[in-house]
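In structure tokens, the next block holds one chain alone, the form predicted on its own.
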Amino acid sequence: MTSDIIALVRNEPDIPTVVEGMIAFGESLRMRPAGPGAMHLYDPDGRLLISIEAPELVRVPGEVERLLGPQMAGKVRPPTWWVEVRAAPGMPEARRIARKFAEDIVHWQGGAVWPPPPEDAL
């Protein structure tokens, strides 16, 4: 089963730039396009770690609350960019990379990550 993480960001994200930053700061990743606006990240052995879907602009008020709950809706305002990240099943490293990508993109673009880190979920 995949592990999904969603980054909600204020501005249209530049996925390759964020991934290149992760690589520059020491992550051993290979990036390949996976369709219009989508990316796959692989480890050095060629195993798929995460899939990053093409960002979607959410313009409808209430949509974030309907899909992720009122706690997340309180952290972002529409319009917001929805970036879905899927970690490969059975690979703890994939989940770590997926969360790092989501947190990095929120760091640079502003917004919030769902699910929040465990210490924020209380």
Partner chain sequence: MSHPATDALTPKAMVVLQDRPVVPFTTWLAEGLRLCSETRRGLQVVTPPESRITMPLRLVLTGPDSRWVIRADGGYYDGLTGVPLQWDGAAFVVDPEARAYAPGYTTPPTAPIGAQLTVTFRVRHTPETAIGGAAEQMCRSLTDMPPSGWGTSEPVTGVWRVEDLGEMFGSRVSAAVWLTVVGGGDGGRPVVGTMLLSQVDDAAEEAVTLVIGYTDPQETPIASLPAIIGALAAEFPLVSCFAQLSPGNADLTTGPRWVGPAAPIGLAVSGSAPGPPGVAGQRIGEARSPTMWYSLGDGRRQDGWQRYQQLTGYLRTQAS
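Positions refer to the first chain, counted from 1. Keep in mind the model is a prediction, meaning the values are calculated, not measured.
There is another form of this protein, the form predicted together with the partner chain, and it is not shown here; the text below is about that form.
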Just to confirm, residue 75 within 4.5 Å of the partner chain in the predicted complex by heavy atoms? no
Partner proximity in the predicted complex: residue 59 to the partner chain, non-hydrogen atom cutoff 4.5 Å: yes
Are any of the heavy atoms in residue 43 no more than 4.5 Å from a heavy atom of the partner chain in the predicted complex? no
Spell out, yes or no, whether the shortest heavy atom distance between residue 89 and the partner chain in the predicted complex is within 4.5 Å. yes
Could you run down 82-100 and flag each residue that has a heavy atom within 4.5 Å of the partner chain in the predicted complex? 82, 84, 86, 89, 95
